[in-house]
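Next comes just one chain, in structure tokens: the form predicted on its own.
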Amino acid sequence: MNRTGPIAKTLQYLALAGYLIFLGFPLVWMLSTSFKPPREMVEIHPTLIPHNPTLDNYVEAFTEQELGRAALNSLQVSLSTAVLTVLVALPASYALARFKTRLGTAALGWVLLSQLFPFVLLVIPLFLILRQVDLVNTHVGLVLVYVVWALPFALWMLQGFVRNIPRELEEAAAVDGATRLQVLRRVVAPLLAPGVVATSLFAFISAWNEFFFALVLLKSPDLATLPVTLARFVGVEGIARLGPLAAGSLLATIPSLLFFAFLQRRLTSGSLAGAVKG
């Protein structure tokens, strides 16, 4: 009998509870701040529960900075980024994982090396290139930048999922008379569903939360994404309007949570879907 089992399990639950509190407390505090009037925000001893809750912060967030339009812009850009990233990374990752060549090895090395480049180093060349093709101040140009930035990690992630698929499954399907396209569609694609979902989530959330490229490439207020719009609640003098900023930031987290909740079941399902028939 293992007498340390219950103790270890209790410690695991305590560690998990502490981690959840660490992650959830900022969100809870932001929720509390979004309902506080200005006077309660400057109290010496702040409280978690507002004494006089109000919806004025939400009204100001929507009426002054047009958060609805900014959220729609971010949703359009993020969904386009996720779809294009998966469409490009899926066949490329399969080729990198299944066909061993020197070029493939060099490509994987470049994928890792590209993640070391800072944003500041790339923004000026990207701006000049996009200006030459008239894609500055457009969502198309911003989506292309996001796809290029997310693609290396997406390739690395998906090729790991492809490597975990046994070759014997593809060989068995080929022996049964399936063509290469049928093998990819009926055997590989169902097994890659969790990887596609994980890659989509990464690309969507990266584009949804990105601020720097959107600030540099988008000049028209009508095209601004949600992070850029939220930054306007901080004045030139550096003083933030905490109430509307908290309300807007809280609303900005909802689409990411809904997108994750919609796709999270795919992360655990389909691990052996398509491996067994009948």
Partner chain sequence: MLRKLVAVSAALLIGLSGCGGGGDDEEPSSGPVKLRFLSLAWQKDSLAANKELVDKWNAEHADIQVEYVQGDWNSVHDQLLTSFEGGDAPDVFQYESAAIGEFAKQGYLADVSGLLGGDFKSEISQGIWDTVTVDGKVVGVPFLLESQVVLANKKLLDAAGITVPAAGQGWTWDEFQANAQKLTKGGTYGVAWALKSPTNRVMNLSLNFDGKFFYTDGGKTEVKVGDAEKEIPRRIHDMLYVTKSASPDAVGMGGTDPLPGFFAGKYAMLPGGVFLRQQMVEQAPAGFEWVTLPPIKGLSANQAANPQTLSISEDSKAKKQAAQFVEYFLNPANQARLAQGDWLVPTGKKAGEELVKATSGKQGWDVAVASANDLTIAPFQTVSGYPEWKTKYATPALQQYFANKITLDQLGTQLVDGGKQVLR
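Numbering follows the first chain given and starts at 1. These numbers were taken from a predicted model, which means no experiment stands behind them.
Another form exists, predicted in complex with the partner chain; not displayed. Remarks below refer to it.
The candidate stretches are 61-69, 28-36, 246-254, 47-55, and the one lying within 4.5 Å of the partner chain in the model of the complex by heavy atoms is 61-69. When the partner chain is considered in the model of the complex, only one residue from 128, 175, 116, 121 comes within 4.5 Å through any heavy atom, namely 128.
With the partner omitted here, the residue from 187, 165, 97, 79 that has a non-hydrogen atom within 4.5 angstroms of the partner chain in the model of the complex is 79.
A residue is said to contact a partner when one of its heavy atoms sits within 4.5 Å of a partner heavy atom; residue 171 fails this definition for the partner chain in the model of the complex, lying far away. The partner chain in the model of the complex is approached by residue 137, whose closest heavy atom lies within 4.5 angstroms of it. Among heavy atoms of residue 87, some come within 4.5 Å of the partner chain in the model of the complex. For residue 83, a non-hydrogen atom is located within 4.5 Å of the partner chain in the model of the complex, even though that partner is not displayed. If you take 215-233 and check each residue for a heavy atom within 4.5 Å of the partner chain in the model of the complex, you get 215, 216, 219, 220, 221, 223, 231, 232, 233, in sequence order.
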